[in-house]
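To begin, one chain is listed below as structure tokens, in the form predicted on its own.
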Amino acid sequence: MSTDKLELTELLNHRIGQAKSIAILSHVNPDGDALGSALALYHYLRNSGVESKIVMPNDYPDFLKWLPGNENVILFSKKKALAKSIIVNADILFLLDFNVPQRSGKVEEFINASGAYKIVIDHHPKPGDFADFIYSDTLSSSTAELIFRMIELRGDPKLVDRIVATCLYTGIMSDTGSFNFNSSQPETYRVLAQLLKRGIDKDHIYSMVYDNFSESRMRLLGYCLDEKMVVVKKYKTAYLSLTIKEKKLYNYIRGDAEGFVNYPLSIKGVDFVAFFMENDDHIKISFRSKGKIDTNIFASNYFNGGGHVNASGGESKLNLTDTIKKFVSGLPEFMSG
């Protein structure tokens, strides 16, 4: 396992040149960075004369399905036999935007069993030792940013056309909340400048991701903020929650709650926010924070999760009420540390 940039360049030149089958995978519940980086790599490889296939563990929000190449994404949850065959027969597995195999959900079994050469490209802290090569930078805004830097290292920036750049910009924009967090490094903006030079329509990209929701989603947001937001002033914390029943009442579809966790951070005096969403077999939790409040530590210590300093996620097998109680009980120690 290595993270050396020169070695990465030599490795890719050698491995890609010899590979007969390349598979690109990402984490369960793919977000904009997962899909954007995967599709960007797919199109870049095609521009290089190399074919690949993308496998995602499960479906993703409709507001990402406009991305070029979306129709070529194979969902493990819907086409298990085909997805398994692609993974098992691959010479190279590109594992994007996750640093431990468990983040791939039910695909983990086949990643671990695969004899393919495994290359991780990721920006999350504490990568696990499960790949042959890891290209990691925790200061990077996103995996999409790392994909562009990887392409530059290979000496192929000319192969980043408007399609590749569109996918990469979407990944960076969505993983930084439109450049509101994880986006303080000058390198991020150098990469963005290069993408803009490819002629992307950044306003259209923004609109497709953030102005592409249903009326019921907007009403759900209003309900959630009005009826379900709790502010714990003592610990500069707020939290939101939604039950399965409430989601059904507002005709919830995957992705409708995207970004809800960010809204309470605009309240004066609130520095830490959690959003709890009830699903059939678990509670999905999102965390956001301001400044140096490390949501990654809280997510890891309490909810088997992780992520970045200001944006993390986790899950709970407890019911919603007990999950929230567990969250609140952890605040005194966490917010006083």
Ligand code: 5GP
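No experiment lies behind these values; they were computed from the predicted model shown. Residue positions are given as counts along the sequence shown, with the first one as 1.
From this point on, the text means the form predicted together with the ligand, which you will not see here.
Asker: Of the options Leu64, Ala311, Met277, Leu41, which one has a non-hydrogen atom that comes within 4.5 Å of the ligand in the model of the complex?
Answerer: Contact with the ligand in the model of the complex is made by Ala311 alone.
Asker: Just one of 66-74, 47-55, 303-311, 266-274 has heavy atoms within 4.5 Å of the ligand in the model of the complex; which?
Answerer: It is 303-311 that comes within 4.5 Å of the partner.
Asker: With the partner left out of view, is Arg103 within 4.5 angstroms of the ligand in the model of the complex by any non-hydrogen atom?
Answerer: Taking the distances in the model of the complex, the answer for Arg103 is yes, it comes within 4.5 Å of the ligand.
Asker: Can any non-hydrogen atom of His124 be found within 4.5 angstroms of the ligand in the model of the complex?
Answerer: Yes, His124 sits close enough to the ligand in the model of the complex that at least one of its heavy atoms falls within 4.5 Å.
Asker: Is the gap between Ser289 and the ligand in the model of the complex 4.5 Å or less for some heavy atom pair?
Answerer: Ser289: no, not in contact with the ligand in the model of the complex.
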